[in-house]
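Single chain ahead, by itself, as structure tokens, in the form predicted on its own.
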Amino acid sequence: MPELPEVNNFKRYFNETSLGKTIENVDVHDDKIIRNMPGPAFADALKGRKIVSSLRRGKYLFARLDNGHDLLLHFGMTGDLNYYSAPEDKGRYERFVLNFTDGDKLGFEDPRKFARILYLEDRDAYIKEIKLGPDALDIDGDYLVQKMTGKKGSIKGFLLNQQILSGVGNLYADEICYRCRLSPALRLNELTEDEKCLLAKQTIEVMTGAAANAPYYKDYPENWYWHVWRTEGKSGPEGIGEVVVTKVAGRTTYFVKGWQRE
């Protein structure tokens, strides 16, 4: 599932292909993922509009239009962008496509239809409405440590709380805990001050490093973070412990039992 680093890569792709272009019209093949209006109304709202800028906040990508409104792209589990010109390059799971006045196209693909696409008249009001917290690339360690203070929930639940920290998802949360040698199920009130500082430091380092390396979530390199260790039954570092799978904060969770403190 695309998390902050992956959506950061989508933003780069979007900017390189579509920024500054004018939408001649929109073909909606399946409006299930368009959440706040019917397909024809969505197409009509975008027709003739120029894309003037983009903003990523956590896992959300906003495309600002020349009328001050925004097209919101939230990729869900399997969302993807496909920029093309020739009809034969259309993706199999394209749900809608922006047809630009220069003849090029930007298709939005989503095999499982879990994406959330919205046309927004007020981006800031929407961010406030869903209580989306600060972006994980825009915070510092002091902010995270302060947010942990007085909390009793699990580390993983904390990391996944988009109202506190926008952009961290399931895979990166497990990676952060692995690097800290802390079980994702550990409670925040069970952490020492040094462990809280370490957790904050690794959160920033993992998210910053991953975003800088522009991952494509369907084709990670073999040495990409969790690919190194996140296999059930695999021995832990230095042969200590074993990777197990459990549920934490309602999510499938991997950690190295015997290596990460429980």
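Keep in mind that this is a model prediction, so the values were computed, not measured. Don't overthink the numbering: it's just position in the shown sequence, from 1.
Missing here is the form predicted in complex with the DNA; even so, the following discussion is about that form.
With the partner removed from view, the residue among K201, H29, R230, H69 that has a non-hydrogen atom within 4.5 Å of the DNA in the model of the complex turns out to be R230. Note on contacts: among P134, G141, G91, G76, the single residue with a heavy atom within 4.5 Å of the DNA in the model of the complex is G76.
Though the partner is left out of this view, G107 does not reach within 4.5 Å of the DNA in the model of the complex, counting heavy atoms only. Although the partner is absent here, R179 is not a contact residue: none of its heavy atoms lies within 4.5 angstroms of the DNA in the model of the complex. Under a 4.5 angstroms non-hydrogen atom cutoff, the DNA in the model of the complex lacks S183 among its neighbouring residues. Remark: L171 counts among the residues lining the DNA in the model of the complex, judged by a heavy atom distance of 4.5 Å or less.
Screening 57-65, 190-198, 204-212, 44-52 for residues having heavy atoms within 4.5 Å of the DNA in the model of the complex returns a single hit, 57-65. Looking at 5-29, no residue comes within 4.5 Å of the DNA in the model of the complex, counting any heavy atom.
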